[in-house]
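There is one chain below, alone, in structure tokens, taken in the form predicted alone.
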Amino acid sequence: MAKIKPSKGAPYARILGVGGYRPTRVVPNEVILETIDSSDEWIRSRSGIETRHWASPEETVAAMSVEASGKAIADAGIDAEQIGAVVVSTVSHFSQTPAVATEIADRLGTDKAAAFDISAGCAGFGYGLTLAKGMIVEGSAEYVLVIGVERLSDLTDLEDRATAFLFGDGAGAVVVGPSKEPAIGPTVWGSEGDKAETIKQTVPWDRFRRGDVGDLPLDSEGNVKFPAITQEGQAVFRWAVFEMAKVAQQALDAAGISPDDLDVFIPHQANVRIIDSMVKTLKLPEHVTVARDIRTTGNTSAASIPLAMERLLATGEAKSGDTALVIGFGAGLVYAATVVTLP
């Protein structure tokens, strides 16, 4: 019986560089209030959001990803040709095939890198980071580009008072490469499919195409509304606050550190109240820097963690070598948490 040659990857993996891209248009709450009966004070108190970015027609999922990735590659100090795989997490690339990752890999100038998309909602960055770590340790790639990117303005029902103010657009990217010491901890991840109805797309693409209206939401002219994201806010809030704090603690335990050892906490930017509640439940010390990028960026789903990471490093609120806990959670319901050393 022939023996398969063992893989020769790196002993460990780490994030080497990070980059972000936010669309040029900044949308204040006043614009959202044109289509829903609410107030700026209500939106801020409920979510913490003051502004968000919405993409122009030219700021496509691919275009934003290329911009963010170029910054991450430069920050990592490598050339695009060295990228062995491109992993893109998104729910807002509307072409079913081919994967947008292939276009991004080509536009960046990689040397025929493996490229694929994943759909894991707001936990997508954590899923992609875990896959990248595995590729590097296994030896199938030396450097992996992980991108979280969304144009959620395309999937927002501006007449839905519960969600119209939540979502924004943008792209965040990291380069993951070899390390001589552990710099990405074990991932605690999973799914709770029995709660899938709490965050979902309102209309499946095939049903929208057939015009099978049934009980589907209609606009003022009687047409089926374009598919949008809907959620049961209270159910999601309770799940995120109570269950995800447990997952975050499990990630700390798996990495062998305590809250006192943390420098930075970068949760998915879903809601400031969720973030603050998790900080309280985890009993994070005052010295821990907490990302609250949602205030000016909104909820960008898979892009939210790398965008928040990039901003903390750019502003000096976090620094290279800091120990950070990252956790993403959302539609599925899915989640992923790990401890990383910042690039």
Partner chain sequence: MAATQEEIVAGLAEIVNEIAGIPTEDVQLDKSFTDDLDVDSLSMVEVVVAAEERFDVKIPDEDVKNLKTVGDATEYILKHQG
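Only a predicted model underlies this, so the values are computations on that prediction, with no experimental measurement involved. Positions refer to the first chain, counted from 1.
Below, we turn to the form predicted together with its partner chain, even though it does not appear here.
Residue heavy atoms within 4.5 Å of its partner chain in the predicted bound form occur in exactly one stretch of 102-110, 229-237, 172-180, 262-270, and that stretch is 229-237. In the predicted bound form, its partner chain lies within 4.5 Å of some heavy atom of K280. Though the partner is left out of this view, R46 does reach within 4.5 Å of its partner chain in the predicted bound form, counting heavy atoms only. Proximity of W205 to its partner chain in the predicted bound form falls outside the 4.5 Å heavy atom cutoff.
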